Structures are given as structure tokens and as C-alpha cells.
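We begin with a single chain expressed as C-alpha cells, specifically the form predicted on its own.
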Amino acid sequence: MNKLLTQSGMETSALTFGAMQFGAGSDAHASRVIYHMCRDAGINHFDTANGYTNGQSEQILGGCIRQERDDIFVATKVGYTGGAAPENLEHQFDISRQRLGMDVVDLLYLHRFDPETPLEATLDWFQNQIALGRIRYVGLSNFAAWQIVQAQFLISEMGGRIDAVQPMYNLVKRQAEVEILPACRAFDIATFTYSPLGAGLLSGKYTQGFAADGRLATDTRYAKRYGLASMHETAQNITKIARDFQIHSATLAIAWVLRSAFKPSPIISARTTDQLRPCLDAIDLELPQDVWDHIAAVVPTPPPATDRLEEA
């Protein structure tokens, strides 16, 4: 799998930390504590976006890494709002670099596919950022497999490549296994998968009913995304397995992603150190094979891309 490196030449860590709650879920002080806790655990890859917490995420993260910039791999995203036309991307990226306090960002994602803008124009802008030395790697977030393949073909014609893809992937959202992750493996594209805990569903805190402060209770978008009864049943099964082995549900869910044959780096996140600790524990979790077999037996596997169920 394609290895992305920090400016000092270090490989990115097995876990990535997503700073989307810096400045909202956690204030500046709490965010700095969380950052240093991640660093103590060996995490050197931090992910943010132009639209996170009205810019506070990028500002706080930029301040955290200033003293060790070359050893930290920083990813941000543009184009979630306003489309993927070069003018909009340029405007947002200028703001992001100012907030981060960086002339060069390691990895820049197009935050989502824009059907209204020719992909060639968007990728040409990304290639120009590479040429100008403003970014080191090109990424795509929330793209379907066919869109990834199309982008890879177009950018290769320009002499470039797609270096990273960021899809959703967890125990109750496994669609990425069908085509997205295989496509990335075929083109040697690194994958950094978000929502390993399913917006908290797999953390165990919802097994006794909705947590009052959780996103599934306070955000209708996440409530709909994880609203299927089968997902909650899977979460209950995972919580039971974790309890049987005296492991935190979050630790087990993240470790499952780490064990994937597609070798993704799960993007963890937390508002507090108490939330972060079990996520970090996944790095060194070792369990007998029968535990993973048990998980495989209670977690639905998505059908193959051909939908020929007899071949699954």
C-alpha cells in the first residue's frame, strides 16, 4: 500500500486523529491536551477541514503542531461547500493555510464530488498546487469507486496521481469493502477511513438507550445515517462481545478496522481524554482468532458488487 510520509520522512501512524471537534466539542485547552495525548501514543497524522467548527479546528490544530511541524502529517479538505470549481477551492485553501499557519499542507482532499464542475478542471487545480509546492499529496473524500477510478485516470494523464481516499467504514457501514477499498488497493491509493465508531453507535454508550449528548441524539443527519434497527442490533452484539472479554466497545470496533485486509488507517476522534483513551488502546489490542470469528458471525457482510449472492 502507498505510504505517505511526513516532511521529515516518517511514515504516517496506524491511527489518524480527526480534529473535527476541536473548538466545538472540545475547547482550545482541551484540544491541546487531546493533541498531546495522541502524540504520546505515537500518532503523527492529524486530519481537519476548511469547514470544521467555523475554522477553529484548523486554527487550534495549527497552533498545536507549530513546534514540531516537520514530524506531523497534516491533512485538510476543501470544496464541501461552494463546489469544486478552481476559484472556490483557491479561496478556501488560502483561508485554510492562513488558519493552519502553513505554507505547505501535506495532504489536501476534495471534500466531496461535485457533479456541476468538470473533474478535469478540479484536478488541474490540484496538480497546480503540487507544482507550486503548496501541497504534497492529493486526496478524495466521500467519492464512489467509479469516481475514484475516473479521477485517477484523469490525473494520471496530467502526470499526477490520487494519493489518498477517505471513505466511511465501520462495523455497521461496510459498503466500502465492495468497491471503494478494492479500487484503492488496485491503484495503490492509501485509505484513511472515517467514523470507525459510527458516530458513537459502536462505543457502547447507546446500548441502554440514546445518550443525551451524543450525535445520534442531537444531529438528525447522523440519526438517519445510523437509524436502521439492524445497525443497533449489531452494536449491541459488539458491546456484549467486548464486555465478555473486558474490553471497551470502542477499542474493539477500532481494532476491527485496523485488522481489515485493506489496511486502512481509521480516523479516530474524541471530545475528552476519557473518550480518547479506549480509542488509543486499539493500537496494541491482541485477541485470539475465535473472538474475531465471533465478530464476523454477528456482523452482516455486504453483498458482492455483482450482487451474485451465491458467490459471497
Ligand SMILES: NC(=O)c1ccc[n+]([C@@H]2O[C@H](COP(=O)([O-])OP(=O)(O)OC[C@H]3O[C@@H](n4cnc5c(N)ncnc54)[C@H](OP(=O)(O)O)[C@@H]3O)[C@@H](O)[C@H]2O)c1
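These numbers were taken from a predicted model, which means no experiment stands behind them. One-based numbering along the sequence shown.
There is another form of the same protein, the form predicted together with the ligand; it is not shown, and what comes next is about it.
task: With the ligand left out here, work out from 298 to 306, 5 to 13, 284 to 292, 18 to 26 which stretch has heavy atoms within 4.5 Å of it in the predicted bound form.
output: Looking at the other structure, the answer is 18 to 26.
field: Proximity of Lys263 to the ligand in the predicted bound form, heavy atoms at 4.5 Å
entry: Outside the cut-off, so no.
query: Even though the ligand is not shown here, does Phe187 get within 4.5 Å of it in the predicted bound form, heavy atoms only?
result: Phe187: no contact with the ligand in the predicted bound form.
query: Could you tell me if Glu58 has a non-hydrogen atom within 4.5 Å of the ligand in the predicted bound form?
result: Glu58 lies outside the contact set for the ligand.
query: Hey, in the predicted bound form, does Asn142 get a heavy atom within 4.5 angstroms of the ligand?
result: Yes, Asn142 sits close enough to the ligand in the predicted bound form that at least one of its heavy atoms falls within 4.5 Å.
task: Verify the flagged residues Gln166, Ala199 and Lys205 against the ligand in the predicted bound form: is each one within 4.5 Å by a non-hydrogen atom?
output: Contact check passed for all of Gln166, Ala199 and Lys205.
query: Among Arg174, Arg134, Arg215, His232, which has any heavy atom within 4.5 Å of the ligand in the predicted bound form?
result: When the ligand is considered in the predicted bound form, the option within 4.5 Å is Arg215.
message: Give me the residue from Thr53, Ser31, Asn44, Gln275 that has a heavy atom within 4.5 Å of the ligand in the predicted bound form.
response: Of Thr53, Ser31, Asn44, Gln275, the residue with a heavy atom within 4.5 Å of the ligand in the predicted bound form is Gln275.
query: Can you tell me which residues in 94 to 116 come within 4.5 angstroms of the ligand in the predicted bound form, by heavy atoms?
result: Residue within 4.5 Å: His111 only.
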